[in-house]
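Shown next as structure tokens: one chain only, the form predicted alone.
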Amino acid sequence: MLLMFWFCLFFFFKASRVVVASRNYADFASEATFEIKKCDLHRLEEGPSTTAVMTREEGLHYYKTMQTIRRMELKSDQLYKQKIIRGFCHLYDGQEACCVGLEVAIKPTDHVITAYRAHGFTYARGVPVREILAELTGRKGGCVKGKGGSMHMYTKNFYGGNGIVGAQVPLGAGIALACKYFGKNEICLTLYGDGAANQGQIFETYNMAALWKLPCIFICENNRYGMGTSVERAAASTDYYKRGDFIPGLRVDGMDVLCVREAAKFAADYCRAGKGPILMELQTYRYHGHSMSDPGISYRTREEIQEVRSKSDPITLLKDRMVNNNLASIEELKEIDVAVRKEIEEAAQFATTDPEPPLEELGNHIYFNEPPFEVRGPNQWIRYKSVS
């Protein structure tokens, strides 16, 4: 009888846990409203809303996307230190709220161009993790067939990944000009860092974009250090959102995905209304050094990095909001973490076993939709056939 009692008690508690779990799942809130930091404004009478509504589905999507980017970058760091990834490599961990908040605020038909810290934007624009990691390892299955590497990744309506400091900004204005010329009500997000913000070509581009009222959102990702130089040592004015002078600007908390989302929606509506360009400064932070050759602690302290991680981490901020407002449970988010880690490991396995592109394909994909032609190799006797 005692054995039967304990047997029944065990199944009672087990069934109770199932009922509680299902009830908790059903009792999740469908959405919640959050207070977000007010943006600083330049030449604007009104700015983005200081409240943001986030649905449960949106929150889970943002969380998974940011967590995937974070884990992908940590895996890239590991592969680089194993000498599987070589060459230039600039990691995006810490800045995930920027690319995710921007992407969810625009349409897939809109356009994005950025600098060389491009892995996060590549993923946000729809490229699978395995293709990104395979590109980093120089494999045939990479998003640009293993020939672009870390700084040169592309997909539909995403133009990289550009290695020359600030040079993507005039290109972004050119894309915005095409948007206006073809009259499709599309916009271009043109990103650059605080280090590139002092480039003369950027100010020339501001002028042209304002004159022609181009639908271009200029976005300065201010992570506080241009390579190893703090913004205070590099710029007489660190109000990057005011640098457009005659172009309106916003300064945004770039560590809060909701703040970035609301500001980007505001900026996109501004451009689509035919008012011309607008400038956004996203105040963010990178956890790694500038590139893999930079340990990142010779010009800032470990304590500074740890303080940002503990107080302003974009993933932790979103996680706390969701749990505290009954949009998700700790257990559910842990399940996402496990699934993300599995996806990253499988992608890394692909990226390290996929074959490298054959030498004869070296000259391919120079032009789009052109007949084949010959490309000269390292000397005049070596020729490669180029196929679009």
Partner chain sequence: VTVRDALNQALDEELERDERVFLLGEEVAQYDGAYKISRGLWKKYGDKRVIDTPISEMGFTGIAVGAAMAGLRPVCEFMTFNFSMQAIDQVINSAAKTCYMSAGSIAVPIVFRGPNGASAGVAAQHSQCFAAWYGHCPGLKVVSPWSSEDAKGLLKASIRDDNPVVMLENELLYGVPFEMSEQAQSKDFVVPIGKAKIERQGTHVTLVSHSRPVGHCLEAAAVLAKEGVECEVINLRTIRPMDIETVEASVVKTNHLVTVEGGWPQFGVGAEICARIMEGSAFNYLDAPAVRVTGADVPMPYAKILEDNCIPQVKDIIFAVKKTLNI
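Residue numbers count along the first chain shown, from 1. Quantities reported herein were computed from a predicted structural model and do not represent experimental measurements.
Beyond what is shown, the protein has a form predicted together with the partner chain; the following relates to that form.
J.: Would I297 count as touching the partner chain in the predicted complex under a 4.5 Å heavy atom rule?
T.: It does not: once the partner chain is placed as it appears in the predicted complex, I297 has no heavy atom within 4.5 Å of it.
J.: Would you check, heavy atoms only and a 4.5 Å threshold, whether A173 touches the partner chain in the predicted complex?
T.: Output for A173 is yes: heavy atoms within 4.5 Å of the partner chain.
J.: Give a yes/no on whether A268 approaches the partner chain to within 4.5 Å in the predicted complex, heavy atoms considered.
T.: No, A268 is distant from the partner.
J.: With heavy atoms only and a cut-off of 4.5 Å, decide whether E304 touches the partner chain in the predicted complex.
T.: The answer is no: E304 has no heavy atom within 4.5 Å of the partner chain.
J.: Are all three residues L177, M208 and Y367 in contact with the partner chain in the predicted complex, where contact means a non-hydrogen atom within 4.5 Å?
T.: Contact check passed for all of L177, M208 and Y367.
J.: Of the options Y116, Y80, Y154, Y285, which one has a non-hydrogen atom that comes within 4.5 Å of the partner chain in the predicted complex?
T.: Looking at Y116, Y80, Y154, Y285 one by one, just Y154 meets the 4.5 Å heavy-atom criterion.
J.: Only one of T109, Q201, S230, N185 comes within 4.5 Å of the partner chain in the predicted complex by heavy atoms, so just point that one out.
T.: Contact residue from the list: Q201.
J.: If we take heavy atoms and a 4.5 Å cut-off, which stretch out of 36-44, 357-365, 339-347, 57-65 is in contact with the partner chain in the predicted complex?
T.: Heavy atoms within 4.5 Å of the partner chain in the predicted complex occur in 357-365.
J.: In the predicted complex, which residues of 121-136 put a heavy atom within 4.5 Å of the partner chain?
T.: The stretch does not touch the partner at all.
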